[in-house]
Each structure stands twice: as structure tokens, then as C-alpha cells.
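Only one chain is shown below, in C-alpha cells, and it's the form predicted alone.
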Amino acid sequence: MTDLKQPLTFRHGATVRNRFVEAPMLTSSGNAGFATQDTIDYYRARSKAGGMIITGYTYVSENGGPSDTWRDDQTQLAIYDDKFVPQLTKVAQAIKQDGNKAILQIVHTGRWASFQAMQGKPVYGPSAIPTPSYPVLELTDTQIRKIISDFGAATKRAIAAGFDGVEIHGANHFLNQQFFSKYFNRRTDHWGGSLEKRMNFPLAVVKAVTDVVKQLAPKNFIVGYRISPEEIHRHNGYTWRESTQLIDQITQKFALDYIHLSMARYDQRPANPQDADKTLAELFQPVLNGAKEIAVGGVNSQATAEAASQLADLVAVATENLIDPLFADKVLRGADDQVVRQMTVSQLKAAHLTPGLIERYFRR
């Protein structure tokens, strides 16, 4: 079993001081895409949440978000323009104040850019498959190539803002996953059709990011990729066998620092019972090719954190960090009995939840 207190060094030289990771979570704190004081205070409160803190998803193209929002002052963060860099710099500084690594998660939400639709603007995806609430237009080849370059430009801005790395968001039904999904991607050109062609968009995104990193970033700059191991719980888009082929391609060609599995539980097994002799974390290990692995989901105690550390190199914590920002710090100090496990009115202040998160939390 990996000691949660043990430092870890990634392949390009960056070292995190323990095995806890703050999982990327939407803060609903942006104002028209800008990080606000609420955003900064939220991350400052979580500067002891792990050796590495990953921000909520930040959209790289003007039409790439916001998603899952309903008002202009509770949006996700943006990085499609230089104007966002000064506030994101403050976010990076808040995260790093206790020596943690600050990772900016970058995304294009594709067909789920719902706030665009609410404002009467077009929403785009790999194919013209409408959502229940609004139509979706098919991206042109020119638009696709522009989005790929936007990921590179976002990486340049993340470097300028002082982040220690970026995580490419290829999970949770956003654009990278949409292109990889045979359900959402029904194209017959370079960007869709066969499994190999459905890999072309995510592979191009990773190349755009890593090209910028090689040119502009410190040598120990961290690059990770987050993936949903299967897309069969809503639509039959791909299996874990197909997604491991994608990760094998990514990690062989681009020598990433880590792969982050987006799961409901750290010990989740494949949906098909015939494949369930191993956990998904174990099934991805043969295709990491030197990258480290992050497992997430259901980590809410010292016992579950230690169990997760048996399956992956790093343990990401999500909901528990919303309730108690000092969860990891307490576990590492052997004070699991001091962890706050239920949100109360008095805990809201200590947790520094943003107004958007408070509204979202209490309407669950």
C-alpha cells in the first residue's frame, strides 16, 4: 500500500508532497468567465486539500462554455482570452500558498455549452444531435481546427498565470469525449467513423497542448488527461476496452505525467459483469506507459483513502473537500475523527463555499 504521506515525482520532474489530489469541481463562481474573489477564497481555503489541486473546468473557446449554469455571475471560469489571465493568476497563487501544485483543467464543453443556448447563441458538437432543450450544430473542419489551437493557446495562458500544469478534460461528456463517442460522433470525415478516426480529435488536442508546453513551459510542467473509462451508462458510446486503446495512444505518443480516471467510486469495475474481474484502475495500468494514475470517487475517510491508494498512485477527493477543506490535512495528521462529514449552516463559512455552490448544494 502506498503511504498517503509519501511524495511522488512525475516523469518530467515535478514532485507533489503527498498522494492526495483535490478533484476538479465546478465552483459556480465566475462572473462572465472571470475568476472572482469568491473563486480565490474558495481555493485559498483548500490549499491544504492535497499535494496537487485541480481547478474546476475552464473553457478554452468562446463558444466552449459555460455549461451547467443559469446566471451570468455564477458561471464556470474561462481562459479563451488574455483578459482572464490576471484573475487566474490570483487563483494559482491561492492554491500554491502552502506549497501545492496548481493544475488548471481545460475544456471545451461542446454540445453541453447550455448557457450559450440560453443567450440565443449557437451550440456546437461533433454531429448535429439536439439536446432535449436546444439544437446542436455540427462543427466544420475549420471550427474543429480552431478549437484544437484554442487548447494550445489556453495552455500558454495557464503557463503565464503561474499554474504548475494543465489537465485536459476528456471526460464527463464534454467535447473530447463527444468526439470519441460513437453515439455523439456520427461523422464520416477525418474526425469520425472508425475507432481510429474518433481518436483523432483528442490526440490532436493533446499534441497542441504538449507542443506549447515544450516551447514555453518549465521542464517540470505537469500535463494530465482525464477520461471517463466507459460511456455506457447513458449511451453506448464506447467501452473500457476502447478507451484504454485511446489512452495507450496518448501516453505512448506524448509522455503525459498522469491519467485521471473519472469514476463514481475509486474501486469501480466495468459495467459488463463479464469484464468485472478487475477494477477500472487496474485495467488502465498496462496502458499508462510511465504516466501516473489518479483514482477518484467515494473517498471520504482515512480507510477509503488508504484503500484507493492500493489501486492508484494518487487519490482524488471531491465531495468531502466541499464539506471539509481540511479533509486531507486531517487524515495525514492521523485525525480522521476530526473530519467534518456533514454540511451545516455553521460549516458553510468554514468551507468557504461560493454563493453559486451553496445554491447548488442545497438544491440537490
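As the structure is a prediction and not an experimental result, all values here were calculated from the model. Sequential numbering from 1, following the sequence displayed.
The following text describes the form predicted in complex with a small molecule, which does not appear among the structures shown.
In the predicted bound form, at least one heavy atom of Leu26 sits within 4.5 Å of a heavy atom of the small molecule.
The small molecule in the predicted bound form is approached by Thr319, whose closest heavy atom lies within 4.5 angstroms of it. The closest heavy atom approach of Val296 to the small molecule in the predicted bound form falls within 4.5 Å. Remark: Asn172 counts among the residues lining the small molecule in the predicted bound form, judged by a heavy atom distance of 4.5 Å or less. Highlighted residues Gly56, Gln105 and Met263: every one comes within 4.5 Å of the small molecule in the predicted bound form, counting any heavy atom. Checking 296 to 304, 335 to 343, 45 to 53, 32 to 40 against the small molecule in the predicted bound form, the stretch whose residues place heavy atoms within 4.5 Å of it is 296 to 304.
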